[in-house]
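Quick setup: one chain, the form predicted on its own, written in structure tokens, and binding and motion questions come after.
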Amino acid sequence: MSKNKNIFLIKLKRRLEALWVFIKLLLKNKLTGIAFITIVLLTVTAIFAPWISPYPDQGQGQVNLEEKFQPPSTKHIFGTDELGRDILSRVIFGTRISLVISTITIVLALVIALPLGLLAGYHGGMVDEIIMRITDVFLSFPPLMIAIVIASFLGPSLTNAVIAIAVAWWPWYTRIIRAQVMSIREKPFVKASNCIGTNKWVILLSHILPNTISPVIIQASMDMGGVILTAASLSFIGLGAQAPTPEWGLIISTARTYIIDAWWYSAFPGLMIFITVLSFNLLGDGFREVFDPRTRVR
């Protein structure tokens, strides 16, 4: 028992050391470091939103008409909206919603894309043709357009928006995974596994899949910002989150009516979208530099 415990501790130590080396390489680029810290802060904010928000009840929709349209002040740092709710609290709770939306959407897209990409790249032939032609149909339209059509068909809600975006996003991952698999299947270790009669699913899951993860992680980290922006766009046009949900796009959609007299109402949620999307894009570039041996050496 103690021997197994020691082995586990040694493996855990090595993984933690590898993680620390990865983080150090990631933080060598100052912009990536700033983006990484920003995303960590956003994640912490999302997790502890009820405790960080100055007015958690207002953040979740409670009305306070006595203080409507208050400009930014020490009491309400981001001001208040037309119902007197603290915009900072609304933005903080919106951080949780946006990060959850983007994470679930990317996971759903990968659940669809991973098996299709693996099968298309490994088998080739008719299987590859069928999967790729379906993928090409989706890729022939802008993702936002597909998301709007699907969300319109399913009905306006946050859950339907997530499904719509995931359906629009999976073809990109399918093509990336397929290209990686087609390259890796010609490697000597894969051919050796085939020669000794290893089950094809073992080859796919144990040998090929782990070697396709790097580009997927890079693409997923960059797509997190794109998904947040798409979700905000759907909410802005009424196909995503519905009131009183504190989603950034929905807040801006409501605020546009009052943009002349209450500039802060739309400015701060818009700024949060900008910062979050930019941070994820910079982090994706940082991942690419770390995973690519050529840029890592430089």
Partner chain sequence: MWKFIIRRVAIGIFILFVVVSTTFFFSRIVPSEPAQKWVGAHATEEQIEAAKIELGLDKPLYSQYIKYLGDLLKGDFGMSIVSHRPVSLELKNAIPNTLELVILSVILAFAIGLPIGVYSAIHENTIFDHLGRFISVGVISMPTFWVALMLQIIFSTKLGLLPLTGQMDTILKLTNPLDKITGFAMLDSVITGNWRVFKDLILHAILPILTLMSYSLGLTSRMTRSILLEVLNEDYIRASRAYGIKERIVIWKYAIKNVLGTVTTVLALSAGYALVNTFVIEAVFSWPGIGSYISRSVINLDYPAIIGVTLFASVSYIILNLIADIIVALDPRIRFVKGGD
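In this text, the rigid core denotes the largest set of C-alpha atoms whose superposition between the two forms falls within 1.5 Å. Being a predicted model, the structure only gives us computed values, none of them experimental. Numbering follows the first chain given and starts at 1.
Although it is not shown, the form predicted together with its partner chain is what the next lines describe.
Using a 4.5 angstroms heavy atom cutoff to its partner chain in the predicted bound form, none of T103, A220 and F291 count as contacting. The stretch that touches its partner chain in the predicted bound form, counting heavy atoms within 4.5 Å, is 142-150, out of 78-86, 173-181, 142-150, 210-218. Not displayed here, its partner chain is kept clear of W20 by more than 4.5 Å at the level of heavy atoms in the predicted bound form.
Under a 4.5 angstroms non-hydrogen atom cutoff, its partner chain in the predicted bound form lacks F69 among its neighbouring residues. Its partner chain in the predicted bound form comes within 4.5 Å of a heavy atom belonging to S233. Shown alone here, V202 lies farther than 4.5 Å from its partner chain in the predicted bound form, counting heavy atoms only.
Residues of 36-52 that come within 4.5 Å of its partner chain in the predicted bound form, judged by any heavy atom, do not exist; none qualify. After superposing the rigid core, the C-alpha of T245 moves by less than 2 Å between the shown form and the other one.
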